[in-house]
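Next up: just one chain, as structure tokens, the form predicted on its own.
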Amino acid sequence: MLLIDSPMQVCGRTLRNRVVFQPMEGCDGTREGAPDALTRRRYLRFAGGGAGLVWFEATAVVPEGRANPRQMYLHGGTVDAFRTLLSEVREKAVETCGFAPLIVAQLTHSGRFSKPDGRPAPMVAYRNPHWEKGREDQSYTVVTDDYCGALPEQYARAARLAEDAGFDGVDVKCCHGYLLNEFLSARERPGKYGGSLENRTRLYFDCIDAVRNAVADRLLVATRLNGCDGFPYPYGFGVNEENEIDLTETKIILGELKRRGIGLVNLTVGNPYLIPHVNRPWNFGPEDGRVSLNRIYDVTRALKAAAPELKFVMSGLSFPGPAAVDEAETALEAGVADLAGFGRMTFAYPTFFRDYLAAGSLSRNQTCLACGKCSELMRAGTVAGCPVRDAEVYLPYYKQYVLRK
């Protein structure tokens, strides 16, 4: 049996295999934050893919922290719609694959990338000249200590709603430049949330503790974490003064996560808005995609070796295209990570893993091309999907919102 197709115990739960469908925003919810028709279509397609774990896309915990007007937002008025969708997904998965995946809700505050009404309304941990270059005329709200102090309860409330909706777990998101991740590099922020590593991690750990206390052991509590940001010192996390990747602080954070009862870490790097090739290796970026993927390998391998008790999801594995499952199997066998994460591939070819098990290979005519067009759709402010492999639905959006601009 392939290792990728073998079961695994994660935080007391059993995964049927080691394939993770990564959280990929479709930007296609209702204005209220509930799943809409395209959302339902995507997740029912995912349901037939045979993944052991479906990591649900970024879901806001407060309205002002939504990355776009159609981002998922879990609150009292939307919980029933989430419950209905999850029930349909599980029913479809059992019908198609013979089992239902575990489903984790990703809880987030978009911070610097907040656009709740479609216009930029950045809420930042600190003013960052590196990120703000060319955007100096925007109005930036530096969140206050009082605002930060109230956020953990908002995460806890969202976690309780996630439990009510039927999610199997929740993720306290700390990656890709969103608010909790940005605090990790807030070296020059004054007060209790900036400066020292203890202060810079305070909000992140307070939110994790609040979520853990809210759902106890009833839900799996995980985190999607940036191993490093890919920005120069002092404006990025996981970098030293020579602007080299330095995982010293990341390793300290992993030790604290373990102490706080977090057993599952979905690792990533970079920022999809400013340096998308770093966390989503692609064929047309400023560096060879293989270089980008090797960086993810190196970071994941180093952090897994530093915290072997934790279960790690490796990212970036859609890049190899037809060889994606084979490459993931090799990474798992080498102990680089415990689970294999696929993001863009789920947009392009949601049944890739089930088809691989049946045929032993993947077709070049269906796999992800690592072209970046799904990211272009998201950055253009419209719904996101694959305009190449799922052209009937998403090519018209690509023509209208990307090519015409």
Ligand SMILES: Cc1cc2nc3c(=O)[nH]c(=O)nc-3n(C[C@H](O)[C@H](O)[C@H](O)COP(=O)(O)O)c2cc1C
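What you are looking at is a predicted structure, and each value in this text was computed from that prediction instead of being measured. All residue numbers are counted from 1 along the displayed sequence.
One more form of this protein exists, namely the form predicted in complex with this ligand; it is left out here, but the text below deals with it.
Student: Even though this ligand is not shown here, does it sit in the model of the complex so that R224, R280 and L317 each have a heavy atom within 4.5 Å?
Tutor: Yes: each residue has a heavy atom within 4.5 Å of the partner.
Student: Heavy atom within 4.5 Å of this ligand in the model of the complex: which of A348, L339, A58, A67 fits that? Just give me the one.
Tutor: Checking each option against this ligand in the model of the complex, the one that comes within 4.5 Å is A58.
Student: Using a 4.5 Å heavy atom cut-off, which residue among C175, L203, V325, A158 comes into contact with this ligand in the model of the complex?
Tutor: Answer to the contact question: C175.
Student: Only one of 175-183, 136-144, 95-103, 256-264 has heavy atoms within 4.5 Å of this ligand in the model of the complex; I'd like to know which.
Tutor: Contact-bearing stretch, as computed: 175-183.
Student: Would L362 show up as a contact with this ligand in the model of the complex if we use heavy atoms at 4.5 Å?
Tutor: Contact check for L362: no, nothing within 4.5 Å of this ligand in the model of the complex.
Student: Does P23 reach this ligand in the model of the complex, with heavy atoms at most 4.5 Å apart?
Tutor: Within the cut-off, so yes.
Student: Residue-level question: is S375 within 4.5 Å of this ligand in the model of the complex, judged on heavy atoms?
Tutor: Although this ligand is absent here, S375 would touch it in the model of the complex, with heavy atoms inside 4.5 Å.
Student: May I ask you to state whether G52 is within 4.5 Å of this ligand in the model of the complex, using heavy atom distances?
Tutor: G52: no contact with this ligand in the model of the complex.
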